[in-house]
Each structure stands twice: as structure tokens, then as C-alpha cells.
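Okay, here we've got a single chain as C-alpha cells, the form predicted alone, with questions on binding and movement later.
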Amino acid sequence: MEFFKKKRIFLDHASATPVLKEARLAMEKYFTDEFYNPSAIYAEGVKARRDLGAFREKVARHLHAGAKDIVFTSGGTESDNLAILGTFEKAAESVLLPHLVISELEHPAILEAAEEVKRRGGDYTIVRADEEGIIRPEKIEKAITKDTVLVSVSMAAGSIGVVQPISKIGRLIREARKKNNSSYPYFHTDATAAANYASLNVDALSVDLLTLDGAKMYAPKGSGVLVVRPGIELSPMIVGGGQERGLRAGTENLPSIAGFAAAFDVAVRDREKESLRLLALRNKLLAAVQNIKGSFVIGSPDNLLPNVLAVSFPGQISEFLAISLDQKGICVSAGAACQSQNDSTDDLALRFSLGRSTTEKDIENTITALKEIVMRA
């Protein structure tokens, strides 16, 4: 019988996070209440609707947005799809060939939605990152045409952790709208990877649409948000009811929404302290990696999220390194987790993403294991 099971070290928080205690407690009351349909007119339904409104206002405050701007979804994938396809379908009513501009670092939910736009008769342009993993605003400006209806650039690429100049891109897009005397292009950012570590003031960021995913924020999986700013018109992707401003039909999942709001509270409360703690641990890992001959850190360390480090070991297969670390009880990602089954340049790197459970001992053990594996390979 195994009395002392060795702790596994989880360094893949950019792909998924455990649900916080505060989020679980917020959800529990709705698991025991069978009458939480916010659309119902009886007393229990009215109370559920009030609760839903309170959660919407709480999330909105953290984003410096209006409560009416918050559309609850089933997660980041749905939010991204609603932003991309919802914009395209609405724009197609007045624009002959709607065009998108997206960065090469986007999540598959955006990249594949762009492909769907093309299948439906639109088009898109992919903007490449520079050698530091940054999407330069001038490249975005150059890619915008008179038919561009949406630009989508993630606040920080989950695969490599590079923080993007979102506010600069946003201001540039607003100037493009003025120049063309048009309401387009809209500007969308997927802020999922950055939500735990960066301020998400939608006005300061100059964004029209913003995606959040509870699975990456210590909230329940299956919860998410799309911020839709006033004046932004989308076509719904799920029809059948008037919920969520008519943009997302279906009875709202009140337990998951309660958990999302509670987890967001904690993220905002602990943002500065947790960012500093993880930055120190990440830098310890960074220093050790840089001492491994042949290693290459992707992105400037001064421009990365505090919890992410993507490293390439030329001549070595990242999947082999990830499996070898797994055998030593350490969970990391070989490239972006959502793309791990596909061919991608992201798969050339190991991604270490730290989180609330990460300790200094975890980093020390990871450094030891990594050195042993790389030297042996």
C-alpha cells in the first residue's frame, strides 16, 4: 500500500485551473435550489433574476464596463466564436465582403472561426508576430482595408505569454473608424490568459469586445463572458430565447455564473500580490533555463506574463521532453495545450505556466528534473 504518494507538480495553469474554494461555495447554494430559472415569473425565478443581475454588475465593475455589456457564455471558445462570427454575420448585412484581421498567436477558437468566416464568403488576413512575439500596431494598421469589420488580437498569447500592446492597437483602430467614417472595424481581445495578472479596464484598453474564460481563472469550467460594448452589433450564434440581450439563448447557468463572479473577485483582490509572487518563481526558473546550453526563451522576459515561460531546446522534441517531465511527476505543455494534437510552430516549445498552487520547492524540483532530462537527451 502506498502511504506517501509523491506530489505531482502542475505547471500548466495556462490550459486549466482548479476551482477556488470561494467559487465552489458560491455555487453550492444553487445546487440545492431547484428553482433558479431567472426567466420564470414566480418568486423563486424573480430572486434568481436579481441574483443574476448582481453577478452581472459585479463582473462589470471589475472590467469598468456597464452591466448591460456583460454577456455570460459557456466559456472562452463560445465567447470568441460569438465575437468573430457574430460580427461577421451582422456586418454581412451591409458589407459585401467582410474582412477580418487576426494575429497568428490567436487561440484555435479564433483561428478556426476565421476559417469559418471564409467558408461563409468573407475573408481574413493573419498578422505575424515579430522576433519577440509581439504583434506590432503598424502591421495591424497596414492589414486593415475598407472592408475590415473586426480586428482580433489576444491581450497575451496563452501559448508563449507575451503581452501585446492592446491599448495602442485599440486607439489605432478608433482612428481608422474615424478616417473611414464607419462603425467598423470592431476590436476584439481575448483576455483569458491575462485576466489573473493584468487590469482589465475596457475603456483604457480601447476594446469593443473582450473574452474571458472561467476555466483559466479558477472558476468552474463551462463559464465565461463576452463583453459587448454599447453600439456594437452582433448576430446571435445560439437562438431560441431572449436571454443575454438576445445574443445567447438558453437558461442561464446560475451556479457557474456565481462561481465565475466569486473567482473574479479573488483574482482582482490578489492580482498584485500573486503576480509578484509568481514573477519571482518564474524568474528563478528562467535563470536556470538560461544556463542550459542551447535553450532559447521565447519572447522578451520583460514583456511576459508573470506566470508563463516558453522555452525551446533546438534539436530536441518538445513532446518527448514533456512526457519525460510527466514521468517525473511534472505537468507542462508542449506548445499551446489546445493545439497539442495538431502541427503548430507553438509545439516547438515547452510552456511552463505557474499558478496559485506553485511553490518554490516545485520550481526547484522542476529545474533539477529538466536539467537531468535535457542533459540525457
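Just count from 1 along the sequence shown to find any residue number. Since the structure is predicted, the reported quantities are computational estimates derived from the model, not experimental observations.
The protein also exists as the form predicted in complex with a further copy of the same chain; that form is not presented, and the subsequent description refers to it.
Shown alone here, residue 349 lies farther than 4.5 Å from a further copy of the same chain in the predicted bound form, counting heavy atoms only. Using a 4.5 angstroms threshold between heavy atoms, residue 272 stays clear of a further copy of the same chain in the predicted bound form.
Within 4.5 Å of any heavy atom of a further copy of the same chain in the predicted bound form lies no heavy atom of residue 301.
For residue 326, a non-hydrogen atom is located within 4.5 Å of a further copy of the same chain in the predicted bound form, even though that partner is not displayed. Contact with a further copy of the same chain in the predicted bound form, judged by any heavy atom within 4.5 Å, is made by just one of 279, 85, 95, 289: 85. Checked against a further copy of the same chain in the predicted bound form, the candidates 141, 78, 265, 244 yield a single residue with a heavy atom inside 4.5 Å, and that residue is 78. Contact here is defined as any heavy atom lying within 4.5 Å of a further copy of the same chain in the predicted bound form, and by that definition each of 18, 109 and 220 is a contact residue. The partner is not drawn, yet in the predicted bound form one stretch among 174 to 182, 124 to 132, 142 to 150, 247 to 255 has residues with heavy atoms inside 4.5 Å of a further copy of the same chain: 247 to 255.
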